[in-house]
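Here we start with a single chain on its own, the form predicted on its own, put down as structure tokens.
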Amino acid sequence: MKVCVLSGGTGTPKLIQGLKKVMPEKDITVIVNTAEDTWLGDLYLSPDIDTVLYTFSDLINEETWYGVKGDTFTTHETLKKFESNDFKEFLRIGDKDRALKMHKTHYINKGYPLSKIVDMEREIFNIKANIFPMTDDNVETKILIKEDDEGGHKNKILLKFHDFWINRKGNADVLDVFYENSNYASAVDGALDAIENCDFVIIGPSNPITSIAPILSIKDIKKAIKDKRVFAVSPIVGNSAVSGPAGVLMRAKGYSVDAVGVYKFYKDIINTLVIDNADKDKIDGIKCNVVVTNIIMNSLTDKIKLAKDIIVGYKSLDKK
């Protein structure tokens, strides 16, 4: 059995930890959001890709879901001494993590496509799974917000995702979310082949608006998965996101912040929605197959159980 996972950088890597315990790693393909990729000075950052690489290689810092566990920060702290208005590192990057980013930057500057670089790094980490960026083209998530100027007038401002989430901590009046350049972007060939050859697709419990929607904004990816059985794991329990700004962004796009809102967001592409036990009263509003289980992954046991429940859910569909 082969599965293809659509992933952002937080919720889905937890599920990946479970999946790689219950099936051969070589049978897992992950297509990763790159719309949050950015430059920090002269350093190229691909945060969701790096988190997936670290997850498969058992290096991920599970306290932050960013960077390497037990990393040191000597370079970052030294750079702080040189900080000025136009020389500032707004992310706390560890020394080992910086080495991976420097590797990407070197080859990006030499003109290598991101997919080739990621494959090089996958082999360096001895990862058997396939990992693909959603595209080798430049697609960037932008957040349209409304804020008052000094005269009390409301202005619309288009922010980079990192400005919205890292600098402003998500504290903004969000009007809409855009995926700049996605209309002109193409999927990586290997990703499309993986979708075609997999048994089913799992949309992980990442932020639907800023982690999964950018992947689906690549037209050939969305077209390819429409022919597959697709399971989506809700990132919402009750009326709150498990983590991150999914709630405020779903409201901005006109969806309710609950399992029904997640279903409505994905309804044209999924066959099955996986929801939490706490949301079983929402089933009547979900017009597809539903798997009800624990989706809060606080331990490896939780992650393995969720992975198993998804696989059992797929096999039960196969018998119908």
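Start at 1 with the first residue shown and count on from there. Since this is a predicted model, take the numbers as computed values, not measurements.
If you look for the form predicted in complex with a small molecule, you will not find it shown, but the lines that follow are about it.
Visitor: Want to guess which of 289-297, 53-61, 22-30, 260-268 is within 4.5 Å of the small molecule in the predicted complex, heavy atoms only?
Guide: So the stretch in question is 289-297.
Visitor: Considering non-hydrogen atoms and a 4.5 Å limit, which listed residue (I203, I215, I143, A246) is close to the small molecule in the predicted complex?
Guide: Exactly one listed residue reaches within 4.5 Å, namely A246.
Visitor: Please pick, from A185, V242, L100, V177, the one residue with any non-hydrogen atom lying within 4.5 angstroms of the small molecule in the predicted complex.
Guide: Selected residue: V242.
Visitor: Taking the shortest heavy atom distance, is Q17 within 4.5 Å of the small molecule in the predicted complex?
Guide: Output for Q17 is no: heavy atoms all beyond 4.5 Å of the small molecule.
Visitor: Would you classify P133 as touching the small molecule in the predicted complex, given a 4.5 Å non-hydrogen atom cut-off?
Guide: P133 lies outside the contact set for the small molecule.
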